[in-house]
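Take a look at this single chain, the form predicted on its own, given in structure tokens.
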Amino acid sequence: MSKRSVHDMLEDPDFKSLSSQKNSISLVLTILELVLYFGFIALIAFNKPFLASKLSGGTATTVGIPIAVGTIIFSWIFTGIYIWWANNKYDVLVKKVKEKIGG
């Protein structure tokens, strides 16, 4: 790719929009993941008795187990949201920019 075509690509409004959208969704999902993860870690650090409490009287399952599993499942959901967005929006915009610039 020549220097001129790189400059054209960086100045292209569709590329700027694509870059902005990617940064926005990445930032939102990263913040959600950090809140989820560090929230769980904060619970472990500051409220162990809550996590160690039983879900019901006759079971050995503690409150911490569904919260930990939920943390993992929400991480998968966030990853799935990004993959869905990348496959349905990002790739289409990348293809559009490539066709416009000729890359």
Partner chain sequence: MEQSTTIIGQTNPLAIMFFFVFVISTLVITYWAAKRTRTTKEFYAAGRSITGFQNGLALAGDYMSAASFLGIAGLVSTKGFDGLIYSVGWLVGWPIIMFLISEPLRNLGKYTFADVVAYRLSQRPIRAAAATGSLITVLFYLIAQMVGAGTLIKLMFNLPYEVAIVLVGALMIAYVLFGGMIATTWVQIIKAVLLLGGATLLVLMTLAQFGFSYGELFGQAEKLYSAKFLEPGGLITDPVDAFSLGLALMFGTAGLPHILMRFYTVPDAREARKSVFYATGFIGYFYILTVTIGFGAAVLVGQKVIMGIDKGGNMAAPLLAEALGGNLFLGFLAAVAFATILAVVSGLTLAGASALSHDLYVGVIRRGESNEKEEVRVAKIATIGLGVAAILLGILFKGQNVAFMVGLAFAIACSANFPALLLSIVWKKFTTKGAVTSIYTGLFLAVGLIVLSPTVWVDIFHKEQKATVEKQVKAIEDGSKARIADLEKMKAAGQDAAQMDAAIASEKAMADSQLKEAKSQMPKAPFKLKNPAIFSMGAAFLVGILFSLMGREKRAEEMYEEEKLRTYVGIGAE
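Given the structure is predicted, the values throughout are model-derived calculations rather than measurements. Numbering follows the first chain given and starts at 1. Rigid core here is just the name for the largest C-alpha set that superposes within 1.5 Å across the two forms.
What comes next is about the form predicted in complex with the partner chain, which does not appear here.
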Are any of the heavy atoms in Pro13 no more than 4.5 Å from a heavy atom of the partner chain in the predicted complex?
no
Restricting to 71-91, the residues within 4.5 Å of the partner chain in the predicted complex through any heavy atom are Thr71, Ile72, Ile73, Ser75, Trp76, Phe78, Thr79, Gly80, Tyr82, Ile83, Ala86, Asn87, Tyr90, Asp91
Hey, does Phe78 budge by 2 Å or more at the Cα between the shown form and the other one once the core is superposed?
no
Is the C-alpha displacement of Phe50 equal to or greater than 2 Å between the shown form and the other one once the rigid core has been superposed?
yes
Honestly, after the rigid core fit, is Ala60 moving at least 2 Å at Cα between the shown form and the other one?
yes
